[in-house]
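Single chain ahead, by itself, as structure tokens, in the form predicted alone.
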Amino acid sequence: MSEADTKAIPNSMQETVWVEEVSFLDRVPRSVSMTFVFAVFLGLWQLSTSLGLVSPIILPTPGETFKDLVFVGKNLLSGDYMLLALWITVKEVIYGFALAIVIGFSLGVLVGETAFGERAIMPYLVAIDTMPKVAFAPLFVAWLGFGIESKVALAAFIATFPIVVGTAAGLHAADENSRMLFKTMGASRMQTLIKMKLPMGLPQMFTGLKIGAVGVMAGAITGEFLGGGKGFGELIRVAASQLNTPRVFSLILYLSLFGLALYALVTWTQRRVVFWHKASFVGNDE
């Protein structure tokens, strides 16, 4: 309740009206708070390197990292070898995410709509998801080779399970009254799924997509680490083997920018598709 709304209430009633107390930190704009946290992080980083608390081989200074960020940025803008490596990684991530969406949505509908899927398929999916994903990288390389296919497969493998869970949870989100209404109107199972369950379950489904968008990048880079490749993961591996930590940091930061862009794309799509769902999307500054 705003201060104006509180003043509009008679004094005799204001004593019985509960007003939520907002702390000072919650009133600070997001841009200011994020800038402050980033400045503190840089200060601690610079202090730890200046005092010699951490070896420069392990942790470069912010200045060295910034210089390498500029170098990598110029290389990308000039269309040199780093741009080609980035494009290879981007393709692995996009193809892997698209494959994860297709497989995850299909399995999610199977699990959420059928007792067979929930009782027979879901336990195996949970068991597979608990296994260490990195251990599957050599298997994908052995099955699919050292090309882009093994990296796409590992990226999709990591991103699929959150989409399955989000889709299945979304299909169970419809309340009993809505189910009874569609049943009373004589709607078929397919009509109920398309016109009621899927629209009402979109918020949960997009939650799974956002988690998958975060994991798909890790899958592609892990595949390049363990299965060779020509993407950014290979550049990071080579830089790490040469103890070029500023280059490792700068490459990771550029990859994080691409990961944030993919996450922002999913969030933007959610705002457009699920416009009727009043939720606090990440990135809103209310």
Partner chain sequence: MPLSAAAADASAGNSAPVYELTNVGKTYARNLVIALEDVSVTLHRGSFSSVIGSSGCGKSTLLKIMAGLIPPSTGRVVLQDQPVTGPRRDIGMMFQQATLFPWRTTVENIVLPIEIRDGRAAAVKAKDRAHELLDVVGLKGFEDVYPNELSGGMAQRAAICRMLITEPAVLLLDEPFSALDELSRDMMNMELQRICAEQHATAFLVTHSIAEAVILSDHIYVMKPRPGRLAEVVTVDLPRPRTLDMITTPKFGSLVDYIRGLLDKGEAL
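On a predicted model such as this, the values are computed, not experimentally measured, just so you know. Residue numbers count along the first chain shown, from 1.
Another form, the form predicted together with its partner chain, is not on view; read the next lines as being about it.
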property	result
Touches its partner chain in the model of the complex: Ser106 (any heavy atom, 4.5 Å)	no
4.5 Å heavy atom contact, Ser78 and its partner chain in the model of the complex	no
Thr130: touches its partner chain in the model of the complex, heavy atom cutoff 4.5 angstroms	no
4.5 Å heavy atom contact, Val134 and its partner chain in the model of the complex	no
In the model of the complex, the residue from Ile94, Met122, Met196, Ile88 that sits within 4.5 Å of its partner chain by heavy atoms	Met196
Selected contact from Ala187, Ile211, Leu110, Leu144, since only one has a non-hydrogen atom within 4.5 angstroms of its partner chain in the model of the complex	Ala187
Proximity to its partner chain in the model of the complex (heavy atom, within 4.5 Å), stretch among 175-183, 146-154, 112-120, 160-168	175-183
Its partner chain in the model of the complex reached by all of Gln191, Met200 and Trp276, non-hydrogen atom within 4.5 Å	yes
